[in-house]
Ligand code: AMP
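Quick setup: one chain, the form predicted on its own, written in structure tokens, and binding and motion questions come after.
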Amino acid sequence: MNILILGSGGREHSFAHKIIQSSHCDQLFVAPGNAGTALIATNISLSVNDFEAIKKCVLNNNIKMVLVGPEDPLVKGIANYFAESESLQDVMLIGPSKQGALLEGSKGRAKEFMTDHNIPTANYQSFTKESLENGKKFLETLKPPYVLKADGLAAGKGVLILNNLEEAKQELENMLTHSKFGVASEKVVIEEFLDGIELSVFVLTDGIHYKILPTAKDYKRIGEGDTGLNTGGMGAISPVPFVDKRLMQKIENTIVKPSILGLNKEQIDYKGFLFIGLINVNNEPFVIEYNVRMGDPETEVVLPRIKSDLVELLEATFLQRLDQVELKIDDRAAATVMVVSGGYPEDYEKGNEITGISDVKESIIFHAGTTQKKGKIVTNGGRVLAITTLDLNYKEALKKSYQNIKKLHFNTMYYRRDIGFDLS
């Protein structure tokens, strides 16, 4: 079958890399894609939110499966658009309905869902401009640090963790009355801070059945030792070393099962990935957030460890037959290190030529922010390349990724040299 992936990052290149290995894939298209996807698929210049143009592309190219990479089109209702369009109803769109996507599209909705289905999470309250003073009073009942979350999508930048009460009150005001994060912060969730170590669990679900994919841990801060500004992710490892069978069982029983049962009880059409951001507090897992798609750069370490045919898994997801296929996982560990443009996550240059890609051996390079210009591959984003390696353990995998990074070069290139530092 012909397949279309929507998106342009490292996550989408990872999906493309996996999907072209399937005997079920005849032609692969990526919209808009990047310089990496252009090497293995056909890039199509389309906006992921232009549903009409996507429909035309699907019909013109006889596409039978559409995999949605980023959250934005899901929150805007692309699954509903396909389901309601007569000519697209037989196309297998992998991603939840608009109602399901609200689990990521609204922090408040996600918290309500967790509360309704007894899923462990931090205590919280939601506030708007009208209840600003109540929000400040609620902050006074909490111990520092204070966690403020913009309710809507804010491109991974809508969460503040502050140690000073007065600063937290001021930032709450900035979010609610001065639109610090635009419309995303018209509503703000304040929650208690949980002290523990974070990890991510990925679930593929058809809304009834589910498969738990490999666990992963990513590193969000720009600086070594987890310092500095939050980014979209500077690296990741899989599996997470501290997740033993007992903790995994607890995660499945108290979080994964109730989440899928909750979707089912509320009759939410959900055929796709559920990314559960967790924090492990003294071996007790709590949900920090839901995402309604795969994470980035976690996808770059999770997908290479899946040995099963991904297209078969996705088809079973759409047809609600996920219980009838087997998920095979590679026992080896995977590690990825993100190479970024200097200045990221703030201002950075674009258009710098990247050299050394062909010299990389024993690692996979996933393109995140690249494009082709006059026959050369150049930078086109803050996060540029993810260098992923599979090996016996994450330390060996990281070692090879770092060795290969030394072969790469572009002006202002930067990467963290301490991915996995907190696990040894």
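The model shown is predicted, which means the values in this text are computed figures rather than measured ones. Quick note: we count residues from 1 along the sequence shown, nothing fancier.
Missing here is the form predicted in complex with the named molecule; even so, the following discussion is about that form.
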Contact of Met92 with the named molecule in the predicted bound form (heavy atom, 4.5 Å): no
Heavy atom of Glu289 within 4.5 Å of the named molecule in the predicted bound form: yes
4.5 Å heavy atom contact, Leu88 to the named molecule in the predicted bound form: no
Touches the named molecule in the predicted bound form: Lys257 (any heavy atom, 4.5 Å): no
Contact segment among 302-310, 192-200, 162-170, 326-334, judged by heavy atoms lying within 4.5 Å of the named molecule in the predicted bound form: 192-200
Heavy atom within 4.5 Å of the named molecule in the predicted bound form - the one residue of Lys220, His209, Lys250, His117 that qualifies: Lys220
Candidate from Leu132, Val243, Ala122, Ala83 lying within 4.5 Å of the named molecule in the predicted bound form - any heavy atom: Ala122
